[in-house]
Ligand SMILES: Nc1ncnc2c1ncn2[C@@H]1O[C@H](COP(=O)(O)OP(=O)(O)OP(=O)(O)O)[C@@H](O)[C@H]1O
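Next up: just one chain, as structure tokens, the form predicted on its own.
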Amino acid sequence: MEPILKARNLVKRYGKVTALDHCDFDLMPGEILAVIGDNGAGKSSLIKAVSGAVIPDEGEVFLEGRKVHFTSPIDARHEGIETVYQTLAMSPALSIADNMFMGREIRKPGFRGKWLRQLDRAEMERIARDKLSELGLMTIQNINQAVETLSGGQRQGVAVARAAAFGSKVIILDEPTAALGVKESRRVLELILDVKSRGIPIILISHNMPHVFEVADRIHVHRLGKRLCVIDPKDYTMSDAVAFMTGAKEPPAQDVAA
């Protein structure tokens, strides 16, 4: 099976620091691929390179077998890749519907939309409500309430729903449960599995090993700027994964990515 998103020989340098050192990456259709690695291993640079947030110095990125050149996250968005960053990138004072459509507002049809640039609020609210309902998030009473009135888990839910609404090919989640309590983390994990059940592959960057082992189909272990190995969570323990990540243990030859 051909990966839906793959990268070959990615290199990214910041001055004398090499963040990505001829790194490869493969995301298969319909899977949850966790990306783990120690701080400074280059996970963020890898994710930014495949989502358009940084431009690699060398190497290639392919989406559905096509070579792509992203010069910004907007390019990646146009190709159906959505990223939910750890910081969520939301405007707290704006409503849920406004946040869902930030940067891609729907205008009214005809003259009012084209020339007067009036927004079609009713349509945006309808779609936002549908998307939140689909993902079981309609515990949120009012689509017009400000995001700052939501709990951490609900905000994360809105961010994931926004990604699921527009990410037609790939969704990237950066530490989605980092700032959440146990109950809210559980809801977000359910949400991730829900999105996967719709056939959208997910890249999950996380330090939380129990979460990784619970939802991931495969685990990409990143070390010293490159892919060290890809493991199946059913074949290894969490301590194995941490040992590979920190260099305390060498991965078996069959799992080392060629």
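For every residue, the number given is its place in the sequence shown, counted from 1. Here the structure is a predicted model, which means the values were calculated and not measured.
Here the subject shifts to the form predicted together with the ligand, a form of this protein not shown in this document.
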The ligand in the predicted bound form has a heavy atom of only one listed residue within 4.5 Å, and of Pro201, Gly52, Gly42, Pro56 that residue is Gly42
Tell me which stretch of 209 to 217, 42 to 50, 24 to 32, 64 to 72 has a heavy atom within 4.5 angstroms of the ligand in the predicted bound form.
42 to 50
With the partner absent here, would Ala19, Asp38 and Glu175 each sit within 4.5 Å of the ligand in the predicted bound form, counting heavy atoms only?
yes
Contact with the ligand in the predicted bound form for Asn142, defined as at least one heavy atom pair within 4.5 Å: yes or no?
no
Although the partner isn't part of this model, could you tell me whether Gln86 comes within 4.5 Å of the ligand in the predicted bound form, counting any heavy atom of the residue?
yes
